[in-house]
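As a starting point, one isolated chain is supplied in structure tokens, in the form predicted on its own.
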């Protein structure tokens, strides 16, 4: 039972790594970024290619850097020009970007499933609760906790974090007070996309790589964001861990209903508390 709970924490950690980028971008831009799953997929493939030529750690660093640059280009070239348009226009454009990126990935890497091995340092198992448990899964939990702690400290205690929180609450007044909100947006979208790349590479040894891999996990990431509360980091963390447990335990004890359970949770939370666990923003 404890091993099943740990596996739920691993899956919840992956969901958090992906959904926190969505939370960052929504918090500042108020954009539901449908392309985020495709950015996760692209990060996985970039990490896979670099790791195949060099090693896992260079793949991880290279994918994060490349996806951060993609995020900066996405904000400057797409999201900023669309900010005066209706939000639905932006949603449709990001959905179109998702389809384009999936086609690009198919053209470069093909439709066949690919797999990525964890680094040799993390390839063994350790004895936990009397059973072997993969070291790499503990690494996933550690990365998730580091990202959660680092983001919380950065947003609460740094001047840039203060500007981001202010701009998320009232961007117009923040700009009048002299804060460069366009520069903040570049930083936030770049960081959110870089986190998508990070989650893609971290998830790669645990799942098969394919051009549509982002679409499946993106749905549960959206559920995390809605259940946790739009724009809430602490809510997303709690929701990711809860949905990770529901996903994992459901697959073991209620396999016929496992795919429905996250949706039932979302419906129940929206009826009980429409703003999610932690409201709109923290």
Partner chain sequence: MSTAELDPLAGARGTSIRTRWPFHLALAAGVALAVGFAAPHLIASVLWLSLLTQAIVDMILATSVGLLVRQNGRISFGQAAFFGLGGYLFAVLMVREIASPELALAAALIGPTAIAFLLGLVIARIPGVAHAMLTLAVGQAFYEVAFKWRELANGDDGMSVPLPRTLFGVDSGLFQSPSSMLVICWSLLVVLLLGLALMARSPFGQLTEAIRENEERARFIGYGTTLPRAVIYGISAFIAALAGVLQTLYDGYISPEMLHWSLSGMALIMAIVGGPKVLWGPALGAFLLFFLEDLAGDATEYWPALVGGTVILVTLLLPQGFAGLIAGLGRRAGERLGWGRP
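Positions refer to the first chain, counted from 1. Nothing here was measured: the structure is a model prediction, and the numbers come from that model.
Absent from the display: the form predicted together with the partner chain. The rest refers to it.
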query: Three residues, 82, 86 and 95; all within 4.5 Å of the partner chain in the model of the complex via heavy atoms?
result: yes
**Asked** Would residue 253 show up as a contact with the partner chain in the model of the complex if we use heavy atoms at 4.5 Å?
**Response** no
Residue contact check: residue 106 to the partner chain in the model of the complex, 4.5 Å heavy atom: yes
- Tell me, yes or no, whether residue 230 is in contact with the partner chain in the model of the complex, where a contact means a heavy atom of each within 4.5 Å. yes
Next item on the list: Using the partner position in the model of the complex, report whether residue 100 sits within 4.5 Å of the partner chain, counting heavy atoms only.
Entry: yes
Within 4.5 Å of the partner chain in the model of the complex, heavy atom basis, the matching stretch of 236-244, 42-50, 62-70, 222-230 is 222-230
Within 240-270, the residues having any heavy atom within 4.5 Å of the partner chain in the model of the complex are 255, 256, 258, 259, 260, 263, 266, 267, 270
